[in-house]
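In structure tokens, one chain follows: the form predicted alone.
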């Protein structure tokens, strides 16, 4: 129960829809009891799409560090993609990829340098993901595995260089032995360079094998080993997400049965993890794995929400071959399903089990003896709802429900907010009494305005909703002010119905510029910069101004087309009342806001406005939230700017 409710001061704010008329009246009737809603509404959805993981959030600076790239990733890729042979000072040699004596079965390929004439050294260089960005004076850890296959062993020379070959930093690693052994050193570049490269040089005639050549910044997010890129992770953390869904998306059920994401292949020492092609046609090293996902959730205060495949692969598998969407779904053979179901149960044990359990012990060995506190598990991702899907989904759901009744299983109802899969998915949810389903919706800004009341009529006795993927597709699928404001309007409807819609996450979260496979995205980035969108600001404002009680909201003078939406919530932790006003019109909308029955109010409130004159604006540097104070009275006037989201946060006096 909120502090306002305990004090008998419930507020009714006009919430619903108003059109762009000359004046609107918003009345807040205090003293009416509110509705308890999800305090975890706004979260994030991470998928390794558009280089979101390798080359993005995962802080590894070397591309193809383990020589795993192949034509299965992209037709033009080989194990030596991103690497170049170096022969210096009259040296002569060659490089080849071998598999006869691998580091381990999961890491089967490695590079062999043959040095015929040592000269200044024979080696390899790697310029990362479009250049290695290093900062002068910062520490970078170079590590690699090496073994001497023939000839005399000599120390390895590792260098950070400019593209012109000028030295930035240098270190020597011990001479390799006959067995694979890890070596590491710290490199401190003398100056900043955004396009540096790493060079590894071997001296002396002979053969040396190299694998897992890695370069990590010393400063990762929260200084975690094998950690995350600090600036990018911080922008995500600043959203204050209440939950985080991972590792996907379509990535989860994969491009064919052999590409289904297997969580067990993503934990343990990174050199023992099993890489695989990405359904988005590039590579996933699995360096960012389940342990790192859980750790990141804990670091940013977000509830973990992992999603596993429902025993079927993506219905769009092998699209490049078939050129037909929706025909590629296959189910794991039924004789393999018991083992797969056990994998899902083992995941829960990995997250929550005691250190005396098999998988809890593996979590503890990774450095986290305390359970991660998993409460939610998604099963399936916008799958085509077929008998093949249903049979396998039911096996997983019933097993989890029986062994772990404390876990809320989230089902799936297809890729769209309507259509055949949506209807069939909800039919399964109703028949199995699923606690929650995952709805998706990528639509135009106008669709979101026209569907503000979508969840008003949902049956409160049936499955709750997780709006797992949603975004407004504007002109050319750009992130615009118009799309952001339509999303803000839709969020008011989600707040109004947050007793049913428990979670919502904009998707996708991240995209690397010049490596983007999908638009729009919430955050764009390069190797050196991070670019939150205007849509990011909307998600941020709703997340940090969330509440746990919805205050019934009505608006007078509504007209069509709908261009105005509002909601109000109470935050019981602070006692604050938060009013959200969204004007989608290209002209300002005058409002009269009446706090009917108000006993005591603070004289001033905090006002935050996100607005712009051009609805097609895409530059978040131009459209940014601006905060100020405003005078509050039982009745006050406010003009909502054109194309705007306004938040008014006030504290009624006398609330305990």
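These figures come from a predicted structure and were not determined experimentally. Positions refer to the first chain, counted from 1.
Same protein, other form: the form predicted in complex with ligand AHR, not shown, and the subject of what follows.
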item	value
In the predicted complex, the one of 425, 123, 508, 311 near ligand AHR [non-hydrogen atom within 4.5 angstroms]	508
Proximity to ligand AHR in the predicted complex, single hit among 359, 518, 340, 180 (heavy atom within 4.5 Å)	518
Touches ligand AHR in the predicted complex: residue 82 (any heavy atom, 4.5 Å)	no
Exercise: residue 45 in contact with ligand AHR in the predicted complex, heavy atom 4.5 Å	yes
Touches ligand AHR in the predicted complex: residue 250 (any heavy atom, 4.5 Å)	yes
Contact of residue 381 with ligand AHR in the predicted complex (heavy atom, 4.5 Å)	yes
Listed range touching ligand AHR, judged in the predicted complex by heavy atoms within 4.5 Å, from 435 to 443, 189 to 197, 208 to 216, 152 to 160	435 to 443
Residues of 456 to 472 having any heavy atom within 4.5 Å of ligand AHR in the predicted complex, listed in sequence order	469
